[in-house]
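As structure tokens, one chain now follows by itself in the form predicted alone.
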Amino acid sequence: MGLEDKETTNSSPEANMRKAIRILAKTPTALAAFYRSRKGKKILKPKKNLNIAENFFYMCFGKVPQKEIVKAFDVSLILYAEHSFNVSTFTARTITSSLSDIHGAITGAIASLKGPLHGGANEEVMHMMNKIKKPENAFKWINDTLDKKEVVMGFGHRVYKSGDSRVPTMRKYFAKVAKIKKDKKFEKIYDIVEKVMIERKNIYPNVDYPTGPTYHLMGFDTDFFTPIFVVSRITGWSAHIMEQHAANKLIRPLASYKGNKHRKVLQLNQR
């Protein structure tokens, strides 16, 4: 997109706003086109009478689902849209501080979001639930996993130590989608795993925990959960990038050397 944008090198506030809007419009369109093409289906153009959430469903599946499901998806995009100085946002601001352009900064942000400890967490939650398979297995699975000291995805947060403030809202919409789809299996697994995690580890869910199974019930492939995260976070990244450009200072942290104070260097003939 940056290569094709005539304003790529213009980082004025006005140009950045125009570019941010274009990126926000093009990203879900490109993602949906890939979704269709890899399934051997005809690519669908967005419709002007549909909003972003409705259009994404239409471009992926060829139809817009019930308004409750669209609302749940819209809420997930809002909850994911901005979240202060997380890894991807900090990456975007660091890149911007070198006076790079908005396309470059967002590309870097996407690369950092790709990791399972950030944007990929909602995908890992779904993989976990697929391993558990059914509610009857959940209690034993989570206890065995904790006994082995393995990581349980979708829990804990570097900032929220007693619960992610976004979870109650997303959990509510997860339940609504599960009811519409008449599939309570993942809800039951969710509740069992959550209860054990809190009782045994005092670790609470983060927003990825209810979002993963919600996207699954909506019909999205698991490897599309993180790209959907990107669609929403374009807005937050863009805002931070524009703020960084407005009062820029190169972000250049110092490193503290912790190694040996002196190292004996071998003579060349001894190496």
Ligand code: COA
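Note that residue numbering follows the sequence shown and begins at 1. Note that this is a predicted model, so its numbers are computed, not measured.
Beyond the structure shown, there is the form predicted together with the ligand, which is absent from this document and is the topic of what follows.
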In the predicted bound form, the residue from Ile110, Leu77, Met153, Met129 with a non-hydrogen atom within 4.5 Å of the ligand is Met153
Students should find that, of Ile189, Met170, Met197, Ala178, the residue having a non-hydrogen atom no more than 4.5 angstroms from the ligand in the predicted bound form is Met197
Answer among 69-77, 197-205, 96-104, 133-141 for heavy atoms within 4.5 Å of the ligand in the predicted bound form: the stretch 197-205
### Message
Test of understanding: in the predicted bound form, would His118 fall inside 4.5 Å of the ligand by heavy atoms?
### Response
yes
I'd like to know whether Arg158 contacts the ligand in the predicted bound form, with contact meaning heavy atoms within 4.5 angstroms. yes
